[in-house]
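Only one chain is shown below, in structure tokens, and it's the form predicted on its own.
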Amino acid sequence: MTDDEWVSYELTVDGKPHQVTARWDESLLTVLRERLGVRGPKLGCAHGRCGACTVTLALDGESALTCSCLLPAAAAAGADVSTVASLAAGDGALSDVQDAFLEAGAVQCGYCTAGMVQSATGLLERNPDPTRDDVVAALYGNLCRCTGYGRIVEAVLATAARRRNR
């Protein structure tokens, strides 16, 4: 491997800055998991179809859910990356979305849960009063092979209802 295949850049992950040196073509998921030890996002399909690797990427005032398996990490240089770990409170208390997933039994093996929770959180930030169809559409890119989607959709709708009643 030659020196020109390596690049250095900064990423902020879950609020903590990191200086990264990695091959230019390593995916954001590889850098998160293998270089930075961030275990929330998972490798599922490696084709951006299952959503297990979903993170929120913020750069230049814009943020979006991103399949971290598809994005070269160097392309995210200078970005803020938020994983499921950033959703919990400082004292470790789960977010309301995470709590709702537990209460609804919307987790089984848990492999897809981080991506599901990221997508659900993103939906509720954009649309605090989603319909069932909105939730289904928002979770379209997230696959679950264990629980089915009924309990997951119910968890998202329950979170929205609780937020409205605060």
Partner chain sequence: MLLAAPRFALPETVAEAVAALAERPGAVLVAGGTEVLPDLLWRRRSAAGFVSLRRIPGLRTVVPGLTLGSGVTAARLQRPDVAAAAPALARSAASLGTPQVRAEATLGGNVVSALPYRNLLPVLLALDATLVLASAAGEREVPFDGFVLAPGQAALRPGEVLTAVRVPVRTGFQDYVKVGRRNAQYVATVSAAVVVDTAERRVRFGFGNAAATPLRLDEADRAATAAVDWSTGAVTLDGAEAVAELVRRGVDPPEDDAATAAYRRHALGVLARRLLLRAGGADDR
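Positions refer to the first chain, counted from 1. Because the structure is predicted, anything quoted here is derived from the model rather than measured.
The discussion below concerns the form predicted in complex with the partner chain, not included here.
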Heavy atom within 4.5 Å of the partner chain in the predicted bound form: which of 107, 57, 123, 36?
57
Taking the partner chain as it sits in the predicted bound form, is residue 85 in contact with it (heavy atom to heavy atom, 4.5 Å or less)?
no
Can you tell me whether residue 76 touches the partner chain? I mean in the predicted bound form, with a 4.5 angstroms heavy atom cut-off.
yes
Can you work out whether residue 67 and the partner chain are in contact in the predicted bound form, taking contact to mean some heavy atom pair no more than 4.5 Å apart?
yes
Is there any non-hydrogen atom of residue 132 lying within 4.5 Å of the partner chain in the predicted bound form?
no
The partner chain in the predicted bound form: contacted by all of 27, 49 and 62, heavy atom 4.5 Å
yes
